[in-house]
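Next comes just one chain, in structure tokens: the form predicted on its own.
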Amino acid sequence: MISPVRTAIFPVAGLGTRFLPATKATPKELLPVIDTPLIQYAIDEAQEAGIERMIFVSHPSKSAIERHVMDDAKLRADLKARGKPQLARDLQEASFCPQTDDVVFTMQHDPLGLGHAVLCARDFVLPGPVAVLLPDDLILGQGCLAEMVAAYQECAAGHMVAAMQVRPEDTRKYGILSTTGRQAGQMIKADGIVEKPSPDVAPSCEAVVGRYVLDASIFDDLANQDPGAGGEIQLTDAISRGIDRVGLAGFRFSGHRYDCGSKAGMLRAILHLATHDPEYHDVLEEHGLRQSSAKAA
């Protein structure tokens, strides 16, 4: 079955200030979770979901992302010459070919918000709904976007957001869904999103995380939206504007989400992967982490 969602947008223009000085020269999306950059996990997830066109909304200072994403024939040739043909093949399989793959890079020159980053991709999207993936949100386990796309075909809502339950005291860290109480499988109908509410006014504990499947009308709503706090155009505001017309649903994904935009979240993700790889068990045991990490996983 052909996917109804043909385009994925990756907003990767942010400066990654929480990881300075590591991100002074290396984009945060290329920081490795053990040996795989964050952006690669998001790309693999989009490919698993059947996405045809990948649009990277980047910044001129972050050309290293394009170098990572696209094939490097010279590097592969050098590896082969050094007797490492398997490594060359692995790199080729993980890269996009400019002749055969549908990949677009466009620039967000000024930090005007997530909504503005999505709007920067407008001229390049294929017809129909679009996916947005935030690489900072690493979701391990079953492919979140593939689950969402499959559910989207049965969903009456034009906008779908990945959602997870959080503790009441953590609602102030997320956009929180105002739910209608209707739930069908992993989908939860919603009639609004409240941005970072305190626990005493939060409409639920259903937090929105960095995966979206959005009706194409999102671009008109973003284009006609006034900037909010800090002069930024917020994606959440544009989604809220379209609820009465196209609907909104949260999707409780099966995988486990790690906030790799924070140092603690990145460490949790690394420990999770290390716990499940025998190669690192001795290292974890040396530091007394094997047992506690296994329980946390």
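One-based numbering along the sequence shown. The term rigid core refers to the maximal set of C-alpha atoms that superpose within 1.5 Å between the two forms. Only a predicted model underlies this, so the values are computations on that prediction, with no experimental measurement involved.
One more form of this protein exists, namely the form predicted together with uridine 5'-triphosphate; it is left out here, but the text below deals with it.
Out of the listed residues L114, V125, A207, I193, L114 is the one that sits within 4.5 Å of uridine 5'-triphosphate in the model of the complex by at least one heavy atom. Note on the interface: of 268-276, 41-49, 27-35, 244-252, the segment with non-hydrogen atoms within 4.5 angstroms of uridine 5'-triphosphate in the model of the complex is 27-35.
Although the partner is absent here, L289 is not a contact residue: none of its heavy atoms lies within 4.5 angstroms of uridine 5'-triphosphate in the model of the complex.
Using a 4.5 angstroms limit between non-hydrogen atoms, H281 is distant from uridine 5'-triphosphate in the model of the complex. Under a 4.5 angstroms non-hydrogen atom cutoff, uridine 5'-triphosphate in the model of the complex has D136 among its neighbouring residues. Put simply, S95 is far from uridine 5'-triphosphate in the model of the complex: not one heavy atom of it is within 4.5 Å. The partner is not shown here, but in the model of the complex the stretch 43-70 reaches within 4.5 angstroms of uridine 5'-triphosphate through a heavy atom at V57, K62. Relative to the superposed rigid core, G230 undergoes a CA displacement of at least 2 Å between the shown form and the other one.
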